[in-house]
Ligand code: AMP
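Quick setup: one chain, the form predicted on its own, written in structure tokens, and binding and motion questions come after.
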């Protein structure tokens, strides 16, 4: 089955076409036939397209909205120029899987999209005003271009965390605010945490019920997840993705009264404060240079930049604190798994986060750690480490494709 996976942002569209089926999943023989991204939708868009085994094609074109952008992608997919294996017409796309950021409390599993599901996704717009409207644009565009004969499936970032107990997801504010407005921790990056937990089971030979791990997703957005008996019991992101770890441009945990203080001292509006916390804080805010960890590490190494060093150290210390708290929450874990762009590719950051945790049974093997980057997976723990340490590249698109297949074929969740 060829599945088109869509991830739509406010002015972007990322896609993959993945060939998968029930008999190939256990052998990990799914194939990414094509992938690409369209950026700056609404103006002169920047387009990057790549078919399996071929170099990327880059171009620009005026694309006014997501429907036009998706139409451009589909025309390329079926063109002789692309020559995507197994794709000669739109009839060769058998289903569409959509990444949806927020499913609230009702949409806790991947589902086939119908009018009722769309209404429920729209109901969650208040919880994800920057993401769900863009995700819905992808659904509307695909419905229009493919018609009713091609099933579409919604896969939610929040759904993996729906197993959290109330003591993990409730805030210590008046309970009626949860009852009236559903103010609570939802968590995000669920598709990534779920995928790497699944891959850990494959590598370790553990069953779902035996999976007791802490997964650490470090990228421009960052989150940690405590997984016990294969289910999420706690996670660092909250009502929105701004809570938790220090991120590229998000501040993570902060004293809420800072907002009132800045409102009075700087005259900042709520909209300005929201922009400060989401777009001008984190690594960028501390360093004053960039939100890119690679550049910060280079600045630290080559120029001994004090603020670059400070940003890296704060980033790593926050992650270390969450590791300690989740080890306490779970009464220990069998493994810690690093993933995401930084988690997969920065041995230095992984080493700093795990430094001085020998008391908790965590010790990195420097040589094994240094050898893992650029999409490689494997163990990085020292022989004496009681907690096993892994690097596992995430593959959210693959999990979305597999969930789409599962929903269309009406089979129980296995991945």
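Since this is a predicted model, take the numbers as computed values, not measurements. Numbering follows the first chain given and starts at 1.
There is also a form predicted in complex with the ligand; it is not shown, and the following applies to it.
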property	result
Answer option from 106, 180, 294, 303, heavy atom within 4.5 Å of the ligand in the predicted bound form	294
Proximity to the ligand in the predicted bound form, single hit among 88, 220, 325, 168 (heavy atom within 4.5 Å)	220
The ligand contact in the predicted bound form: residue 340, any heavy atom under 4.5 Å	yes
Residue contact check: residue 212 to the ligand in the predicted bound form, 4.5 Å heavy atom	no
Partner contact for residue 346 in the predicted bound form: the ligand, 4.5 angstroms, heavy atom	yes
Interface segment, criterion being heavy atoms within 4.5 Å of the ligand in the predicted bound form, picked from 286-294, 236-244, 169-177, 115-123	286-294
Residues within 4.5 Å of the ligand in the predicted bound form, restricted to 83-120 and counted by heavy atom	none
